[in-house]
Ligand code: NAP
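Read the single chain below, which is given as structure tokens and is the form predicted on its own.
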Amino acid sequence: MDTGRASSGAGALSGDGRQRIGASTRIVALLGDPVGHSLSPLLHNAAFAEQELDLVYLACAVEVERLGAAMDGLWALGARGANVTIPHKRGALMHAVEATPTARALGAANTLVRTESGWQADNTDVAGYLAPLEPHRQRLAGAPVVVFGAGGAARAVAYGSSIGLGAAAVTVVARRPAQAEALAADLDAATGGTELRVSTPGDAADHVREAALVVNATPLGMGDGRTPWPVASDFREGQIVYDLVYRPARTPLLQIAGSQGATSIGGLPMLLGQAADAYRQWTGRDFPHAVARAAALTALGQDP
């Protein structure tokens, strides 16, 4: 694997401290469709400029049938790495020459890292999910978890809760039971002693009340005023409620849970955490969290 640090030099910064592109600048890309909403270029370019790295992060809209060609083209161009988002996370895993155990377990990749033979696929969503839970690790060890949703983010939550927190049980609450059953079946062998349960919203109240950690891995609350669980009395003090939605910072779910004394965690720490893990693999350096967080908050119209 190419683990050398990205070069810093004359091409990295202009005289006023801003990032500039020169003849030696190398590419890091985001592959997805659409990509116009992504904060990743802002986060990573702020980080590259802060550490004077001669890299530039570009968001590239790629059609599904052209993903393989795009990955090959980035490799041929000497790109340092890439992120992958919807709808390419499964396809990127298939096109990569190797994959980490996490990417294989989830069946999806969100990060590509350059190796001598081609792209290595990884999934840093698990590291991103676990990052803000680190201060609560002792409190959550072996405790039951509830996750709303059964898509790719829910897979990362279920897997991370198992391997990272040692959850005794993870209950996947989804409106489409078949999708949740498929998630549980896919992860069963990879989650060790964690029991994977499936529930519908109509049958999940007891699970929500008993859970030490409740996670929203659906888009509900992303500016639409909705919440995956509207019953305030099912939340309590001592519980942690974690919403992967980062816009707005205080989603309806977090407001409801917070009114009952639950500890609230928004989605921005996960976004920064998954970016940090990818950044370390591309550059060999620690991610400048403070700089990236300030850039994200400014873009979101929130106070740094």
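Since the model is a prediction, treat every value here as computed from it, not as a measurement. All residue numbers are counted from 1 along the displayed sequence.
Another form, the form predicted together with the named molecule, is not on view; read the next lines as being about it.
- Only one of I86, A232, A182, A205 lies close to the named molecule in the model of the complex, with a heavy atom inside 4.5 Å, and it is I86.
- None of A121, L213, A167, A217 but one reaches within 4.5 angstroms of the named molecule in the model of the complex through a heavy atom, and that residue is A217.
- Just one listed stretch, out of 238-246, 61-69, 41-49, 255-263, contacts the named molecule in the model of the complex at the 4.5 Å heavy atom level, and that stretch is 238-246.
- G160 falls outside the set of residues with a heavy atom inside 4.5 Å of the named molecule in the model of the complex.
- Residue contact with the named molecule in the model of the complex: R175 places a heavy atom within 4.5 Å of it.
- Put simply, G107 is far from the named molecule in the model of the complex: not one heavy atom of it is within 4.5 Å.
- Shown alone here, G32 lies farther than 4.5 Å from the named molecule in the model of the complex, counting heavy atoms only.
- For the three marked residues, R20, V28 and L74, no heavy atom of any sits within 4.5 Å of the named molecule in the model of the complex.
- For the partner-free chain shown, G149, A150, G151, G152, A153, A154 of 131-157 come within 4.5 angstroms of the named molecule in the model of the complex, judged by any non-hydrogen atom.
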